[in-house]
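Quick heads-up: it's one chain on its own, the form predicted on its own, in structure tokens.
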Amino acid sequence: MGFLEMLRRSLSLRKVPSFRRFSAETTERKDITERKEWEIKQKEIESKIPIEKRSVSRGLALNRFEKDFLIYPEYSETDDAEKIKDRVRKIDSELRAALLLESMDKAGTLTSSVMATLLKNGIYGTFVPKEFGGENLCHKDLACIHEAIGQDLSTFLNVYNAQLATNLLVFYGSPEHRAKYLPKIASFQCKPAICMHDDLENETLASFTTSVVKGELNGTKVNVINGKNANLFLILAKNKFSHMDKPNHSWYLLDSSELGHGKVDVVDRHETHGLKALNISKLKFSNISLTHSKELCSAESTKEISAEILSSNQIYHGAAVCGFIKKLLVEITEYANRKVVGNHRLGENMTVQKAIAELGMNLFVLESIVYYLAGLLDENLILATDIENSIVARNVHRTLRQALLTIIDTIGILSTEQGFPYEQRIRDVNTYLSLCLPEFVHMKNIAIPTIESWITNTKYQNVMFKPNIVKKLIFGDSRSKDPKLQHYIAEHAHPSLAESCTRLEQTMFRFDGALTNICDMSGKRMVKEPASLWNIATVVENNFAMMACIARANRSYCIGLRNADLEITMANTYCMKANEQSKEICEEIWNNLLLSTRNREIDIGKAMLEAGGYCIEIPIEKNW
């Protein structure tokens, strides 16, 4: 078995078919067989395209540069940009007024004023294909709209839940499913809920108790968003029909108007710390008759759909968090500029300035990669976005965690005062983060596909025991310390960004060589080594974010945007920090220090778990 195959089997990862555009071509694919044939043809076409043109992150990891990616994508027509800006301003102001009108902190659902704003602005039709009564907006348009909605995270997650269900229906539903339900989602007559988890503490397909036996569905699903108000359920269940030798798993569509003698009960609502307008419930399905026509997909697509739910469309999460952080920064800066401590404004305090600067930098990077990725997808410049999805997700985590620190450092004790707006922000961020996948999952989703792609495209062979390799591992490689320029990226950007371009190219050169070493030393063990996964994922993320920030600042400065000089400063600052971090990681790899502090931290955690707590003796203890 080859090294690449061992890697794949060790993780059992599937590529996530994310960010596909809704189109007439897609909706005309009538059955599963036709879709599979189409996917095979697409893979054949894609295999002939150089990796650096298919995936930004993979190309950078292979030290390959596509100059078209240094052009930050934008609207080709000024009228299109102005149109979406006017629409977003309208949504933003109306939603802001609706949120002030009625409190949703104990509502359990979106208030009537918020719902009226969403329906008035046709939000639920923005992501539905045109042939089914929607608008099928491009990714940049949707990112702008989600940013406006994201000023309240409960509102965003309510909308995103319907958008995700739409995505699944478009790409996995039958023509009948699409024709019946998509127009109703666009008009909000249909309120979908995705029922995936049986038990979060023991979540494997083998452990599923929700099942379809002899055409009858029974079972319980937990953490169902909007389950109480839903009238269409997308359910993952174990099935066993009479013609099958053994059970498998499928996704089913259940219309509340077609329950027959069965019923759906809300067993319990999860009382969350924040996001009070998000109804997260436990649902029980009893004696519900289902036929083959209710299957959303074949058994082969079950894992693909599950991966799509967990990992795809992160640009919209990123856009929503951008909207949330922008609103938060307005509130915090207003408070800091108004509050007087002693004889000085709070805003003059260096601790406060640093905290706000850190949050602003995180926001700048997140916003840059979100709109960069959205624009590349709109222009069909990239084909694979699985790695970029997880990069956005990691930046969402980082930005929200920084938001908590900034609130505490700036507002102080008032940030925890019950009823104070910042206290609600803290609760919402905590709850939002708890609903996200753990960071380690995103690390794997970045690192493993990168390694797979690198091995495939370099025709890597493990030559661990050759004398020159052993010498290289012991003494390191001078390329790590003195990387040579090959692409001269700086020639394609404004001179003020030349140093950042050089840093990006140096990181690409170092990392390409370091990957050889990490494969030689770790082999298939890397999938279980936190240090290896963290190292790879961090450099891949740094490369992609540096490219996005450079491209954005370059565009802004060249067209004379307001505060473009500040963008240049932020891009250069980020690239300097990212380059230093990546350089340190690559040197660590070259010097064979994979058993680093990151792996040792895991060992410390294991020791404390085994001991049942902090197991170090108090400093005054003596040995007698």
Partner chain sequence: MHIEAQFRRIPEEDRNKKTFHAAIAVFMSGRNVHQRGYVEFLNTALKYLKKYDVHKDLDTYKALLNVFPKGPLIPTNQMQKIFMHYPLQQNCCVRILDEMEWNNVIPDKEVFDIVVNIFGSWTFATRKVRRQLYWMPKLKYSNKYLDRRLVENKNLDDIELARIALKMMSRDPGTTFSYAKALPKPENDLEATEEAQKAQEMLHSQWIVSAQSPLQRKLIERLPEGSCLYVDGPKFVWVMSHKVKYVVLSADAWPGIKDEFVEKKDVFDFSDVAKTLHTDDLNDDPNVHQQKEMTILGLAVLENNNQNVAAAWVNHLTAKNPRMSELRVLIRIVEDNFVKKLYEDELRAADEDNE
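Bear in mind that the values here come from a model prediction, so they are computed numbers and not experimental data. Residue numbers count along the first chain shown, from 1.
Keep in mind the form predicted in complex with its partner chain is missing from the figure; the text below concerns it.
- For the residues N349, S286, Q424, T458, the 4.5 Å heavy atom test against its partner chain in the model of the complex is passed only by N349.
- Checking L485, V340, L119, V330 for any heavy atom within 4.5 Å of its partner chain in the model of the complex turns up a single hit: V340.
- The candidate stretches are 121 to 129, 448 to 456, 174 to 182, 331 to 339, and the one lying within 4.5 Å of its partner chain in the model of the complex by heavy atoms is 331 to 339.
- Though the partner is left out of this view, I49 does not reach within 4.5 Å of its partner chain in the model of the complex, counting heavy atoms only.
- H344 belongs to the set of residues with a heavy atom inside 4.5 Å of its partner chain in the model of the complex.
- Contact between E580 and its partner chain in the model of the complex is not found at the 4.5 Å heavy atom cutoff.
- Contact between D565 and its partner chain in the model of the complex is found at the 4.5 Å heavy atom cutoff.
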